[in-house]
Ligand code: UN1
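One chain comes next, on its own, written as structure tokens: the form predicted on its own.
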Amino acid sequence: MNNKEYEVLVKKSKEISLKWRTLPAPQRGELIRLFGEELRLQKVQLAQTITKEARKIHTESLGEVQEAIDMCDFAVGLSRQLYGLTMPSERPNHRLQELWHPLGVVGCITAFNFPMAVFAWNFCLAAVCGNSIIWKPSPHANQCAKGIKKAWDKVSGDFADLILVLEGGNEEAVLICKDKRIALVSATGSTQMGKELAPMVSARLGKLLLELGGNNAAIVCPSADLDLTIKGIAFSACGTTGQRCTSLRRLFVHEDIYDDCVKRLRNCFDDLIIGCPTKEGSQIGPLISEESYNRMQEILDSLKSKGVDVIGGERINIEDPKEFYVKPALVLVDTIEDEMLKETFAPILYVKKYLDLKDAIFMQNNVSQGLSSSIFTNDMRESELFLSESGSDCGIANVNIGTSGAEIGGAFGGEKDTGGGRESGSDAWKNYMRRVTATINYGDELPLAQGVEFDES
């Protein structure tokens, strides 16, 4: 997009935001409700678009559209709950109140792996809070963005410009980040992407909401139900071909059950159905690109050169030779290898023994990312330690489920190099608004706070 076209886009978004914010929030919620109904009608078609572009298996694609629908439902309820606090004032005949107002234009940069859901997290909240949104989707998912835009246009009436799509790559992302007219930039992607874009927004003192990389770990305790555990591990490590920010990368297994757990994992990984994502029954589709495949092989080759036991990871030729299907890799390590400290966006699962739970928690936390984590245990003391201030340092901490598969009701996001952002549920809506603290004096005198006296007589 050239500069003139970009200027037109931003101007449209700014203009529509000024009109949209004047609608009462419940009326904004009603349009979001209609949008959700349209997504319901187009659910299968939109899921097919996700499968075609992002190469996710059909059931995951359907689940992603459902997530967007769920966000619409959440936002409709939220439209009547944009609460501000009223606080007691220390001064007589005064009231202290908190107000929330829209920011204006929100820029949203999304990745290929969730080409609709992450946008819905941002749009539904941003819109119900009174903002417009400029969306730069992944170049791998432009048709997904067009599908969402078409659904919105069908129900939005005079507010079609509330969603404007900016196709492109890095240059377009930079335009959004440097533009003072865009009040908030919400960006989902790699940690490296976040580190490059964040200074641009910070330089103009703009607001940032970052959802970046995850190097997620799970701990398996001796009391764990291994049937449940293996199922949770398999989906977390291999679902979406290991291309979720919440995908399981590292597994710490108590030495008493290590051999049994590894044996079960090997059998489970061998039984996974790798195939075309449009086919019924496929559990794992291809990697998104040759670049992703090459990166996976570089990591596995590096491990093999050091004598590390690597099981799987090879390419499988299925139908289209231009696509990159791989067998998920189990990497059995005796020590913490350098490769474990970096996120590889592919189905690689490192497995290591531990003896003391506190050591396992330390190893889990001892990476630069802090998105998702889980523990498999039937011991309440172990689970409570894991969830305590001395436990997981991640934004998401699960017990007896894997690291993937968050619900929209809770705030989604992580700490450290994951960026610190929170999207989706809970009070994540506050990211899309500005807070005003208002003091109202309804008396006939002017007492000052903290007992300060300023007598002009």
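All values derive from a computational prediction rather than experimental measurement. Residue numbers here begin at 1 and follow the sequence given.
What comes next is about the form predicted in complex with this ligand, which does not appear here.
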#### Entry: Close approach of T246 to this ligand in the model of the complex, 4.5 Å, heavy atom
yes
### Query
Would T49 sit within 4.5 Å of this ligand in the model of the complex, counting heavy atoms only?
no
### Query
Is there any non-hydrogen atom of A406 lying within 4.5 Å of this ligand in the model of the complex?
yes
### Task
Flag F119 as yes or no: does it have a non-hydrogen atom within 4.5 angstroms of any non-hydrogen atom of this ligand in the model of the complex?
no
### Query
Which of F376, F114, F123, F324 has a heavy atom within 4.5 Å of this ligand in the model of the complex?
F114
### Query
Of Q364, Q369, T241, T188, which one comes within 4.5 Å of this ligand in the model of the complex, counting heavy atoms only?
T188
### Summary
Of the candidate stretches 413 to 421, 397 to 405, 28 to 36, 428 to 436, the one with residues having heavy atoms within 4.5 Å of this ligand in the model of the complex is 397 to 405
### Query
Using a 4.5 Å cut-off on heavy atoms, which residues of 194 to 228 contact this ligand in the model of the complex?
E211
